[in-house]
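Shown here is one chain on its own, the form predicted alone, set out as structure tokens.
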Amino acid sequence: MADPKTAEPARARLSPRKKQRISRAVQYVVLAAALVAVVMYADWQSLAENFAKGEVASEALPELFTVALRNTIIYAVGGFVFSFLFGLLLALMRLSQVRPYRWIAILYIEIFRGLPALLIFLLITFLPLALPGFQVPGGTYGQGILGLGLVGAAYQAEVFRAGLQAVPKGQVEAARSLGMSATRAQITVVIPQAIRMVIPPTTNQFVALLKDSSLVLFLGVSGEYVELAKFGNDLASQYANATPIMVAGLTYLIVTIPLGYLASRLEGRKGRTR
């Protein structure tokens, strides 16, 4: 009888690399099978008729760019500027030595990060009831910018806080040794460096605000104030066809994908310069 210790195994064991190749091949086969199933069983004619009808898509032009996209950019840029400035203020308050400032900033950030953005927009529509005679400056544009800015500032504040805390303390000490006051050191030394550090996440924040601009439709916008989501929804209802919604979605992608790519490049460049 052969010694089991010396007997060679009937089958050679697979190496980890071979196992990985087999696993990858199986995944490719499953993916190809799923793709073939989709191609074979999807009703492409019905999909094209309801989601990519050329006649309906042409009705969206040129208002899609001259009105809807223009308004979307106005809301997003306005909200971004508001959130950038207010977020920086909140971040400084959050790091302040004055306790009431810290409490106010923490309370604001936690509330506006915890509430759904949609709820904020709905509350803005009731401001005239809560504050009789009060009108948001800028009308509909002002309301949209205010809603986006209030929500975005809570997130931007945390981005700035991380950037401000990342600036080496030695920079402040060096500025103070040159006779600068604490305020001047913050403005001329700390804040500029923090802003450079947070450019990539701030770009992502702008992309998020651009997408959140679709919530402006809950303000009851119409006519010259419509943004992409409202514009696509109105045309879809008019023609009983989803093509305008698809066109609006593609327009969002035309803007957001390059911005996302830019944010990735900035993040990679930042990592290489560390």
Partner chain sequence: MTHAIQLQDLHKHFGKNEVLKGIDMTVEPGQVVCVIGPSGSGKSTLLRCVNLLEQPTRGKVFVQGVEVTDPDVDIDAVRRHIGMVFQQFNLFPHMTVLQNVMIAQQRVLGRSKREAEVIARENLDKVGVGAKCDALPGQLSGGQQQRVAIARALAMSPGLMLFDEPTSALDPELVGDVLTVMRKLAEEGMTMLVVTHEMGFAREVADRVVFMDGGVVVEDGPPAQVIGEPKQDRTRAFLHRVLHPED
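Numbering follows the first chain given and starts at 1. Given the structure is predicted, the values throughout are model-derived calculations rather than measurements.
Missing here is the form predicted in complex with the partner chain; even so, the following discussion is about that form.
(message) At 4.5 Å between heavy atoms, only one of the stretches 130-138, 167-175, 144-152, 70-78 reaches the partner chain in the predicted bound form; which one is it?
(response) The contacting stretch is 167-175.
(request) Can you work out whether the partner chain is within 4.5 angstroms of a heavy atom in all three of T256, G260 and G268 in the predicted bound form? (result) Zero of three within 4.5 Å in the predicted bound form.
(request) Quick one: from M180, I199, A162, L118, grab the residue that has a heavy atom within 4.5 Å of the partner chain in the predicted bound form. (result) Comparing distances to the partner chain in the predicted bound form, the residue within 4.5 Å is M180.
(request) Could you spot which one of I109, V189, I124, L92 gets a heavy atom to within 4.5 Å of the partner chain in the predicted bound form? (result) Looking at I109, V189, I124, L92 one by one, just V189 meets the 4.5 Å heavy-atom criterion.
(message) Within 4.5 Å, heavy atoms only: does S96 come near the partner chain in the predicted bound form?
(response) Residue-level check for S96: no, no contact with the partner chain.
(request) Considering only heavy atoms, tell me if R113 and the partner chain come within 4.5 Å of each other in the predicted bound form. (result) R113 lies outside the contact set for the partner chain.
(message) I'd like to know if R184 sits close to the partner chain in the predicted bound form, meaning any non-hydrogen atom pair within 4.5 angstroms.
(response) Output for R184 is yes: heavy atoms within 4.5 Å of the partner chain.
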